[in-house]
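Given next, in C-alpha cells, is a single chain: the form predicted on its own.
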C-alpha cells in the first residue's frame, strides 16, 4: 500500500450573486408575508449583526443563478487561484443544505454546469457542516493517491425558501397572518452564494498554499432532536413517519412542514455541546490554541459569537478575538458556503504569512454537528 500523501489547498474561490442587499431592502426583496412587515425582522437583524448580503433571486422571483451555477463559478475561481485548468480536475465533492433538485445529488448538477470532463463526484447534503464533509472526501482522495486534483465546493440558494408562498395559508401563520418565530427568523439570517477550495498533493509553485493538518467532523445527532430542518412539522420533527413524504406535498405544505425552520431554545443547548466537542479536541491535542494565528469560526449571529466567547474565555481553548476573521457583517450567513468564502477572503487580505496556522470551525445546528479543519501556510 502506498504511503499517505500530504495535501495542500492550492486555490480558494467564492461567488456571490448580484449586488449587496442592505437591511432596509430585505423585505422588499424577499416579499412580505400577507403584505405585513415582520414583527421579528428588526430584532433578528440586531441579533445577527448582518448589514448586507447577496441573493440569487430578484424581488419579482426571477433567478440570476442556480445553486449549481454558483458552485461552478466558485470552483472556477478556486481553479484560477490554483493556476489550473478545469480539465485538470478529476474529483469533485459538492455540499449544500438543499440543491436545485431533490434527485439527483448536488454534485451532478455542479459537474454539469462546470463541464470540463468526466470525473468522480460525491454529494453531501446537510446544513453548514456539509462543507467539511465534502472537504474531508476531497482531502482523503488526494491523500490516498486516488486523485491529484480535487475540489470541494459548497453553495446555498436560501432566498428561494423565503418567498411568502412558503408561509401563507399554512400552520406557520397565526390568525392575524403573522409568521411563527421558528420560520421568520431565518428569513433575516440566511443568504445566497458559493465557495470552493482546490486540493493537490503538492503546494503551488509560487504564492501561498495551505497544508491540511486535520479535518474532524463530529455528529451529536444521538443526543438532540433536529434544531434546524425542513420537511417535518414543528411538533413532530423527530418522528420521521410524520415527515412530508408520508403526508404528501399539499398536506405537508399546509402543516408548515416544507419551510426551513429553527428551534432557538434548543440552539442554546446545542451551542454548549459544540464548545464541549472543541474543548475535547484541545484536551486530546488535536487542536493547540496557542499555535493558531487565524481563527475562522462560522457563526450565524454576532450574539452567538458572544455566547461562544463567554463559554471559552476562562478555558485553555480560548483563542484571542483579535485572531478571529469574519465576513458576517458585510457578506452575511451563507450556510455551508461560508467557510470557503471566509477562507478566500482571509487569503486575499494578505494577513496570512508562511508558517501561520489557520483553524476553521464549522458548527451546524441541523441536528448538532461540528467540524474542525487546521491548515498551515507554506
Partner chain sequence: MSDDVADVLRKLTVVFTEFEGRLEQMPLLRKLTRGRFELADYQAFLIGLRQQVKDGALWMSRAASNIDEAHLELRSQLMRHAVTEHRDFRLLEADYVATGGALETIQSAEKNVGSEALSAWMFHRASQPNPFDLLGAMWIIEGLGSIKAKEWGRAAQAALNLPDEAVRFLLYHGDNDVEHIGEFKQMLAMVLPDAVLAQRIVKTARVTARLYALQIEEITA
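Numbering follows the first chain given and starts at 1. Please read these numbers as outputs of a predicted model, since none were measured by experiment.
Below: the form predicted in complex with its partner chain, not depicted.
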Close approach of residue 321 to its partner chain in the model of the complex, 4.5 Å, heavy atom: no
Any of the heavy atoms of residue 202 lying within 4.5 Å of its partner chain in the model of the complex? no
If we define contact as a non-hydrogen atom of the residue within 4.5 angstroms of the partner, is residue 240 a contact of its partner chain in the model of the complex? no
Check whether residue 280 has any heavy atom within 4.5 Å of a heavy atom of its partner chain in the model of the complex, and answer yes or no. yes
Going by heavy atoms within 4.5 Å, which of 247-255, 218-226, 174-182, 202-210 lines up against its partner chain in the model of the complex? 218-226
In this chain shown alone, the residue from 290, 276, 104, 118 with a heavy atom within 4.5 Å of its partner chain in the model of the complex is 276
Contact with its partner chain in the model of the complex, heavy atom within 4.5 Å, among 266, 108, 84, 144 goes to 266
